[in-house]
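Here we start with a single chain on its own, the form predicted on its own, put down as structure tokens.
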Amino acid sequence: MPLSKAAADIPLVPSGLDRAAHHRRDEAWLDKAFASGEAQVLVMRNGMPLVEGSAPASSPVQIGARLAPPRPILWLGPPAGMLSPKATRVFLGETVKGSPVFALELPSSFSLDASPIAGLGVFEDFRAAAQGFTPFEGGAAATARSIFEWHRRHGFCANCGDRTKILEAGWKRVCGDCKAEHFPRVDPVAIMLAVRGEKCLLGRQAAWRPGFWSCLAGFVEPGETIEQAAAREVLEEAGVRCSTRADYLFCQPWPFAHSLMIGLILEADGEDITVDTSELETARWFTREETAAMMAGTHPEVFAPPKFAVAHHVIKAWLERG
């Protein structure tokens, strides 16, 4: 099914990749597909994708800080399977032309310098690499990172505590003792822009780069709708009461660790702010003119979320409504 225009504009939304889930239980087919000359293999280590070039990887930076110029993903073929016997393999699907697409997570101990691909690429910070992803690469990388993060956290059964093993091409874990089945989880997160007239509410955390502001956000709790979660989070974090009749915009897979960011706009009942400092450093209302300047990069003091973050597109959607 083709993506809607709004969804197609959101980074990390899968594009051009058929998950072909009917192949996940066919081990013989998977092995043959991985060994074929058409296989495309995305390689990661500790959640960082392998990108082209021998220049050093980006150093960790504050959220909101400027990132290094992006580099293309270094796609490998079947020989990637020989890099480490401890690699975790996940079948991501097939391209529109039928080429199988896999992802490998190499162990933390894997050394590029001592490997056959030394000098060809480096493991790059995901946020830095995401700036340069094509729609296909963004969807594949976000899916792979989310699955690998899930595996990292679910090596033991939540039912009995015994070890679990990977099945179905990386999309399932089964307990070796009680046989309980475990599947990848997705955590829904409301990311919302509260608005009142010609103003929008933005917040910032103390750990962020000075001058960096973004939408408020929070996890959806059991027993509530997305709209209720959005209104609750704005009230808890900024003390602003909002209507639960929110406008849904779009969503974005966010692989930190395995979230689904759900973009919303909702109307505020008032402008008085009472910040919960355990959640935010501060929050304030921005006029439409200030917000437009922030998004255009011309505001002298305020910086917008980067384009690969859904918050950027939520703010953009409000501005385009005029």
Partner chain sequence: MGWVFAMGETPFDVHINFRRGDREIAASLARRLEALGVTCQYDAGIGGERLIPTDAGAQQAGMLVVIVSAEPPDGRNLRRELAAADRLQRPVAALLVEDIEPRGQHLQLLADRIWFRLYPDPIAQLDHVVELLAALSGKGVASAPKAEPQTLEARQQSLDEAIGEMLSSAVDPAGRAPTDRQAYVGRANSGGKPAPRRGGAGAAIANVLTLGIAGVMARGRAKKAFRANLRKV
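Numbering follows the first chain given and starts at 1. The shown structure was predicted, so the numbers you read here are calculated from the model rather than taken from an experiment.
Not pictured, yet referred to below: the form predicted in complex with its partner chain.
I73 is the sole member of C242, L201, I73, A140 with a non-hydrogen atom within 4.5 Å of its partner chain in the predicted bound form. Just one of G223, G119, P210, G197 comes within 4.5 Å of its partner chain in the predicted bound form, counting any heavy atom, and that one is G119. The candidate stretches are 255-263, 292-300, 33-41, 269-277, and the one lying within 4.5 Å of its partner chain in the predicted bound form by heavy atoms is 33-41.
Each of E52, G77 and S109 is positioned with at least one heavy atom within 4.5 Å of its partner chain in the predicted bound form.
Its partner chain in the predicted bound form comes within 4.5 Å of a heavy atom belonging to L83. Taking non-hydrogen atoms only, A114 approaches its partner chain to within 4.5 angstroms in the predicted bound form.
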